[in-house]
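First structure 1, then structure 2: two forms of the same chain, each alone, as structure tokens.
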Structure 1
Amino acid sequence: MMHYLLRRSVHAVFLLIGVSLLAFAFTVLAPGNYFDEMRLNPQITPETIAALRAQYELNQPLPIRYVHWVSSVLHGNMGFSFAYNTPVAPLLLVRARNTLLLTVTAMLLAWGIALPLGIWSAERFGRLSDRLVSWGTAALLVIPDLALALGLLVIAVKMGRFPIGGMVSLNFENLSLAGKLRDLGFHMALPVTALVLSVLPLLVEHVRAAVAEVLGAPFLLAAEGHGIPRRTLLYRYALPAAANPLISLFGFSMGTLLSGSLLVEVVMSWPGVGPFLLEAILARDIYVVIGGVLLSTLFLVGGNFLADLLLYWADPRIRTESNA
């Protein structure tokens, strides 16, 4: 197992290094920088701008700047934000916590709905109820995430039941623990619903296809002939047999939710990585942009790494190959 984990860890490290190199090169080589707009301000002298550029090492060659940035990453700073005049890591970690709260909640809900719905649809494969599920997932697939989020906002405004921005209310600190949880839940309702609806069709279709394929296997037909209850047959035998592609899909769904959450956070004013990254891109705060891209990649790598661990635990063939 240690060899398997080590190999996966090395792959993840090389992936992060490659993403950091590309993000650093594309961001730094893009035309313009944070201090260009200062040239339009007559109150700021060219000498001041030159001193700021020298302070943030913008005059240094690209390889030297990358080495210094890697050193700051190793020290836990991830560079320095021009706009906030502070290390990038503390700024990103606060927003990353909010993004993870949103995406993990949405992922648990999406899988909690997709598994029973996909199994139920696979059991009725080809019937009217199965076709209705397929039509519903197909309809959700063609709706863009942006249109879905905006539609939920319009519904919320007309209903007047859910807050349409932010993470907590203004009087959040004065609420009891139960009141804080309720307030947070109300603020999470819209963005979580948007994320669940965006990823749910993909999960349902994959669960349906994987379970439907397994249901025709000889060992399941034999088990059904021995009088094993249908519910036991589905959840104890069919679902574990179809687990491999679904576990692989778990890591992919994490990436899908993360990419979708950035857009949903911007539209619904959720204080996560999405709005912060958009603000940094518009301001050309390059180290915040690079840190945001690297953090998003780290989330994706973490989801895939967890899926690899689950595959190693669920599939004895992987363990045998790794030991060999």
Structure 2
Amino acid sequence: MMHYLLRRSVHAVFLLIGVSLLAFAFTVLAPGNYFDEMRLNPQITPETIAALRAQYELNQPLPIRYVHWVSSVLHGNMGFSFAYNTPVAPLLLVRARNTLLLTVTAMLLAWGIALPLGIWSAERFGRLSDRLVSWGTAALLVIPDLALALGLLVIAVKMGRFPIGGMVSLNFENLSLAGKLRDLGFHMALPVTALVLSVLPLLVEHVRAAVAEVLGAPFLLAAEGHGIPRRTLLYRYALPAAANPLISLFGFSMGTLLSGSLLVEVVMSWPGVGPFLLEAILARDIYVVIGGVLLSTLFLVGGNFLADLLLYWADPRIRTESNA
């Protein structure tokens, strides 16, 4: 077990170093820099811009900047934001918290719907009800996320029941605990719905396909022949047997927790990483962008690590292989 964990950890560290190198190279080598936009401001002289570039080490060679940045990461700052004139880590973490609140809720809800719906659909494989589910998921799949989010916003404006954006009301601090939770829930309703609708088709189809494949297996036919009730058959025998690809998918979906909601956050003014990263990319606030990429990679690595552990626990074949 320890050997298995150690091997996965070493892989994760190499992956993080590789991603940081690539993210750094691509971001830094992109044409233009943060201070270019200042050139269009007639009040700012070229000398001031040159001095600022020097102050923020934009004139230094790439390897030196990378080493300084790595040192900053090790000190917990993740570089320095040109725009905010402060270290990146605190800026990113406060927004990452908001993003996680949104995406974890949406992910739990999406899996909570996808598992029973996928199993229900697989059980009726080929029948009209299964086809209806397939058509529904296909329809959701072809609607772009942007259209989905904007459509929900338009409905919300027409209904006038839900807030159009933001995370809490202006009088949030004056509300009771129940009032605060209700207010937060109201604000989360639209973005969570948009996120659930965007990931649901993929999850339902995966669960459906995995369970349908297992349902035709001889051991299940034998179990059915022994008179085991259908419900027990599905949830106790079929689902664990179909779990492997679903656990991998779960691990992967953890990786998208930070980056998966970027578009929805921008459209719905959710104060998460999305609007912050988009602005940083457009403004070439490079250390914010690299910080965002690194944090997403960390989540992906963490998700895969968790999935590996779950697979190790769920699948005896992996235990045997890694112990061998």
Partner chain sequence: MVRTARANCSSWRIIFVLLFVLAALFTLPVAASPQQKNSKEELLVLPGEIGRSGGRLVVSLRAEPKTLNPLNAPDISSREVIGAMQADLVHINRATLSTEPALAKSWKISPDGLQYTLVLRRGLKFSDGSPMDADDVQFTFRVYLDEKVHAPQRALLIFDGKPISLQKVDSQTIVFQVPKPYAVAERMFDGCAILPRHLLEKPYKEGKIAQLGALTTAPNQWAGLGPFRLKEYVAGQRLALERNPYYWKTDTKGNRLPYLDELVFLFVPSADAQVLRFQSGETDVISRLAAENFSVLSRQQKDYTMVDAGPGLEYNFLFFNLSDPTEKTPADIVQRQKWFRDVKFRQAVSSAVDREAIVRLVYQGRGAALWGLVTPGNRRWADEKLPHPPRSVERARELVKEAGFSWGAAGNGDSWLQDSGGKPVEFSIITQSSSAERSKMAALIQDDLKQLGMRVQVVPLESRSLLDRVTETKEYDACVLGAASTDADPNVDINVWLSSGGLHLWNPSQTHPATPWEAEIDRLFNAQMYARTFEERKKLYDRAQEILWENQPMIFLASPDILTGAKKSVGNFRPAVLEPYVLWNVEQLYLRNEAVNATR
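We call the rigid core the largest set of C-alpha positions that still match within 1.5 Å between the two forms. For numbering, take structure 1's sequence and count from 1. Only a predicted model underlies this, so the values are computations on that prediction, with no experimental measurement involved.
Matching the description of the form predicted alone is structure 1; structure 2 comes from elsewhere. Relative to the superposed core, residue 65 undergoes a Cα shift smaller than 2 Å between structures 1 and 2.
Residue 263: CA moves less than 2 Å between structures 1 and 2 after rigid-core fitting. In this overlay on the rigid core, residue 194 has a C-alpha that sits less than 2 Å away from its partner position between structures 1 and 2.
In the rigid-core superposition between structures 1 and 2, residue position residue 36 carries a C-alpha shift of 2.6 Å.
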